[in-house]
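What follows is one chain in structure tokens, specifically the form predicted on its own.
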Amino acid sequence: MKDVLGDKKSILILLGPALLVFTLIKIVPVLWSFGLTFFDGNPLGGFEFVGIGNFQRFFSDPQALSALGFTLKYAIVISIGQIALGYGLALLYVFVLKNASNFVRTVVFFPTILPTVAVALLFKSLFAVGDQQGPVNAGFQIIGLESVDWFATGDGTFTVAIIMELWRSMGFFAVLLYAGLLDIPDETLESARLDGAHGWRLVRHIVIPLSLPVLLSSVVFSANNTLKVFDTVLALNNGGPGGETTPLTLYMYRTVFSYSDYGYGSTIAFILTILCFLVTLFIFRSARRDNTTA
């Protein structure tokens, strides 16, 4: 094995095909898409070089800025909710339910495997109003409140989307963080308890610092996934009403496939990629600063 790893020709033969496939599948489309950001048009009508015109158009496009604002709002609220609920459930599994948590973990995780469209239809039924009154509005009427047409406003649709996504994804993050908490040695926890650390003090000073790597990975994973939200809002209310709940991904999709504007669509995709990169960089740098101060 040492002879093989020390031979550059052997390494090239072993890794070359994989690197070539990776380059063709990953790198080339990214470079191709980046190149399209400097052009206007589509393959049928031809392309015209516009320089940075698509980027100037993005920052003067009210619909694009509205989509960017919704994407950021959605990502912040959902990421905080996913990590908070997931970490709370993970603590419940480890310190309260312990070996009896298998059934609860399975039940809470189950919505994660459901198709997004099926979950969206379920929540549209739950929050429906009018002739097809859903259980939520029926409950409002029972306690003397008026029914709410949740999908007639952007705020109502956003609220339903938040509840739906948190319900669907909290089981996944709970299992992810649960695996990280299991790596904390029992001896460390027992020593902390003997020193008088219980409850919140134990979590604050022992559990959170020792689970910081998996917690950080969860934050990065959640932030990047929520910035690229697409199917949830599309299936729930098609990005409406109007364009109030349209994220960048859905706006990019419509720009490319409904209006055949490949250059501007690629520009939106590139800006979204840069946004994901900056958020990830910010999270890592913040975590590094916290470790230093601790």
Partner chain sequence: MTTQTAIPVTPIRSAAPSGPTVRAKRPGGVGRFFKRAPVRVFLVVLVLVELYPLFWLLMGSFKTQSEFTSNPTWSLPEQLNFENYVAAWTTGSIATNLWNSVAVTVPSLFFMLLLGVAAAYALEIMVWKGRNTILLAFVAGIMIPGQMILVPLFTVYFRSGLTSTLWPLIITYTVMGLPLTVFLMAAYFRAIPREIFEAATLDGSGMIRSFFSIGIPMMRNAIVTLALVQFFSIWNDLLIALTFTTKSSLATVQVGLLNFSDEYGSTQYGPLFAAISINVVGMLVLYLFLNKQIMAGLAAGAVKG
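Positions refer to the first chain, counted from 1. Treat the numbers as computed from the prediction; the structure is a model and nothing was measured.
There is another form of the same protein, the form predicted together with the partner chain; it is not shown, and what comes next is about it.
- Highlighted residues Val148, Leu210 and Leu212: none comes within 4.5 Å of the partner chain in the predicted complex, counting any heavy atom.
- Although the partner is absent here, Arg193 lies within 4.5 Å of the partner chain in the predicted complex, judged by heavy atoms.
- The partner chain is not drawn, but in the predicted complex it has no heavy atom within 4.5 Å of Ser286.
- In the predicted complex, the partner chain sits beyond 4.5 Å of every heavy atom of Ser66.
- The closest non-hydrogen atom of Gly144 lies beyond 4.5 Å of the partner chain in the predicted complex.
- Among Phe49, Phe59, Trp32, Tyr259, the residue placing a heavy atom within 4.5 Å of the partner chain in the predicted complex is Trp32.
- Interface residue among Val77, Ile83, Ile206, Val94, judged by heavy atoms within 4.5 Å of the partner chain in the predicted complex: Val94.
- Residues of 167 to 194 lying near the partner chain in the predicted complex, listed in sequence order, are Trp167, Met170, Phe172, Val175, Leu176, Leu181, Leu182, Ile184, Asp186, Leu189, Glu190, Arg193, Leu194, the criterion being any heavy atom within 4.5 Å.
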